[in-house]
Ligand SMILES: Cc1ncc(COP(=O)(O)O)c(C=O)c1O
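Below you'll find only one chain, the form predicted alone, shown as structure tokens.
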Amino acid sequence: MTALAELQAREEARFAETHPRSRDLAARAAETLFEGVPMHWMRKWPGGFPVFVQEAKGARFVDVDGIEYVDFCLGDTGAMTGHGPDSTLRAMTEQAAKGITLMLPTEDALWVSGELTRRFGVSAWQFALTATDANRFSIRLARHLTRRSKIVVFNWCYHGTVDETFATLDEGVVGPRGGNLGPPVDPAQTTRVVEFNDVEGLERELRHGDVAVVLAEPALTNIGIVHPEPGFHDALRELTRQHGSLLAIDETHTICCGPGGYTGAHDLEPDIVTIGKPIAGGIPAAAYGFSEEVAGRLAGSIELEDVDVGGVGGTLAANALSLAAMRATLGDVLTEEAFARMIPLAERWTQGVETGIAEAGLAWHVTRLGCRAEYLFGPDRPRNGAEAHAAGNVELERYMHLYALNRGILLTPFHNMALMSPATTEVDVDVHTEVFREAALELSGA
């Protein structure tokens, strides 16, 4: 057994010993839940079974065994506001007493759409329940508008569970990503895939003249943080306009860059903006907005008789409860003042990890995007998704995650990313710094 395997076995034994109630609940769950979890991907949590949560507030939660954790995962962005922000809770309580879902608009929709316009620049908004839906609906409308069939995504992107985005490049050929369950068609029929930061590759694929929309994260976030190189976004915008393709920017994770996400922080000019996860404080909600020019082209292009059967929208979309939660969250929680605290906390987290890496003499690095940061197990910063994927180390990821979990810290699972909330404190960050340092020194033998 390798040294890392021995350390992993030790941490798994410690986890099982200190989480008897979660272990018992996991055993019971196997009787009624498929593979013992309410969502299949929860099987992947390191430790053999997931922690069962009892309650959460702010940047901390307590599990059923009474253990308190500093939460840097924050529902993988869904709880970026912190758990149960007071303003959002009050708005939800008040609205629930007046009606949860009605299939009719409320005044909150006007306020939220106006605020999103102020933050992101695009001026015609619609609402959904998830960013997946926002992206799916945007793709449908882009195809409808352009009369083109294909989309472009960047290799190892993340846009929820949109079928067309589960594609990758294998020696330059588009195919399904590993683990793509039941793809309806060969992704090459629907999707062109380009490496992030590859301007020449992007131009080559757009030159075919069949791309309705380029759906892009402004920085990759789910395969490791990959920043755009200088000039990349200018080229992306110029090339999409030149070739008659729309540009959609998915801000669901990159809202970490500021109140207007990466778009607002870097003055991007997308045709479409999509966002979900944190904008309603954890209540299912999402939005997608069009530029004035695109909205003008769409207006009147859909027959009134078809608006309810066109594959866009849903019975619960734009429900009154979600809109009330969005108004409170955008108005009182994810504010300029909050980001002015959260981003320096991420800088502090990054500096702490850098110090730990250096002290342990490890060939790792740490990178940051707004109030989000993570460490990767290699010395070189990847410039695209393929490089980030190749640099991954599943065994180290699981070990470092479980080591932190056993010491009261929850990081984003499957790759060790940290997100700051308005409720996160310097003490929380410093706790992680010390735990990371201990783990790194033990691994290196320093």
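Predicted, not measured: the structure shown is a model, and the values here were computed from it. Numbering starts at 1 and follows the sequence shown.
The form predicted together with this ligand exists for this protein as well; it is not shown, and the discussion that follows is about that form.
Here the marked residues Asn135, His159 and Asn222 all reach this ligand in the predicted bound form, each with a heavy atom within 4.5 angstroms. Partner proximity in the predicted bound form, defined as non-hydrogen atoms within 4.5 angstroms of this ligand, places exactly one of 262-270, 246-254, 88-96, 322-330 at the interface: 246-254. Just one of Thr130, Ser291, Asn197, Thr168 comes within 4.5 Å of this ligand in the predicted bound form, counting any heavy atom, and that one is Thr130. Between the options Glu238, Glu354, Asp76, Glu115, the residue in contact with this ligand in the predicted bound form by a heavy atom within 4.5 angstroms is Asp76. The closest non-hydrogen atom of Glu217 lies within 4.5 Å of this ligand in the predicted bound form.
Residue Lys277 is the sole member of 272-297 found to place a heavy atom within 4.5 Å of this ligand in the predicted bound form.
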